[in-house]
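Coming up is one lone chain in structure tokens, specifically the form predicted on its own.
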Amino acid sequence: MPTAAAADALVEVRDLTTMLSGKAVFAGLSLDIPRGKVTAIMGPSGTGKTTLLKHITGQMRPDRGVLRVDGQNVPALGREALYALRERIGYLFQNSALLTDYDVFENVAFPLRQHARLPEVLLRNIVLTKLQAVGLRGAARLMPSELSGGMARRVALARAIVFDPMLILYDEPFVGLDPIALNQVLKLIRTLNRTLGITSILVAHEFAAVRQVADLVHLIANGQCVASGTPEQLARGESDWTRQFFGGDADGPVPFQYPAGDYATALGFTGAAA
């Protein structure tokens, strides 16, 4: 169910259905991502959160449904139109995905060198501007192996914004960060979103962190959006889904046991004990 807060949506998902290995990852998923806001996608493991990001970038196509980004139906785009759209989307990978043979400067410069023909002076100024934005201009000549986890995440963020995208996708941006690095990344997400007018979508499990940065949260499970609202609204939610997910209960709508056959039969017991 689309949220009423998304009157002006940059991303619109309608009746999205995706089957993988005979299993429905999405079964009629519908939600909206409002422009200029930070929206978190949350849900139990294996519910398709990262798959949704892949649909947004056109890396995967659904079996049915519509997914519009800035008015363009991504599954229907041809190769050239899809590549043009991707240049307007930044992506922060969970493991930062820095190129280990390149220093910080060249990691950030890489997309520009691949997709734009710019004078070296202009390229240098753009890269240093992005590194300044994430507080790492002084680390331009360090190698990835010399960076802490938080620094690597910030370099990856500088690379993600090097084309001044309209949309940034964050895939588990808080994993493995110490409290100082976590606060730095949270501040950067909010600051970049506000100062650059970027729309941000982040996939995360850490509700305490999401609460500090997100304007809107969509909770997805069983292939659908089961709850939407501000972090505070979902924290107070009375549905079984919100109680289990945000309360951390082992049992609820999401079962502890993965579906399986009869336990006794699996152990080889064919009859009652003598």
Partner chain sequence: MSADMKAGAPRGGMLVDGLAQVGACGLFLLGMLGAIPRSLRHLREISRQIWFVGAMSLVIIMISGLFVGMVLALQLYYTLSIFGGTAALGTVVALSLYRELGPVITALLFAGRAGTAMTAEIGLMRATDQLAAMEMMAVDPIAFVATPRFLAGVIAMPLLANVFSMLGLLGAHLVGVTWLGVDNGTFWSNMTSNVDVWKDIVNGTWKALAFGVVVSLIAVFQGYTAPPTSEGVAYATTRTVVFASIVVLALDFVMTAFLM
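It should be emphasised that the depicted structure is a prediction, and the values quoted were computed from it without experimental measurement. Residue numbers count along the first chain shown, from 1.
There is also a form predicted in complex with the partner chain; it is not shown, and the following applies to it.
- Only one of 195-203, 145-153, 82-90, 130-138 lies within 4.5 Å of the partner chain in the model of the complex by heavy atoms, and it is 82-90.
- Contact annotation: of the candidates T230, T57, S30, Q212, the single residue with a non-hydrogen atom within 4.5 angstroms of the partner chain in the model of the complex is T57.
- Comment: the partner chain is not present in this chain, but in the model of the complex one of A97, V175, L186, L123 has a heavy atom within 4.5 Å of it, namely A97.
- Of the heavy atoms in D101, some are within 4.5 Å of the partner chain in the model of the complex.
- The closest non-hydrogen atom of P165 lies beyond 4.5 Å of the partner chain in the model of the complex.
- Contact between P75 and the partner chain in the model of the complex is not found at the 4.5 Å heavy atom cutoff.
- Contacts with the partner chain in the model of the complex, taken as any heavy atom within 4.5 Å, map within 105-128 to F110, P111, Q114, H115, R117.
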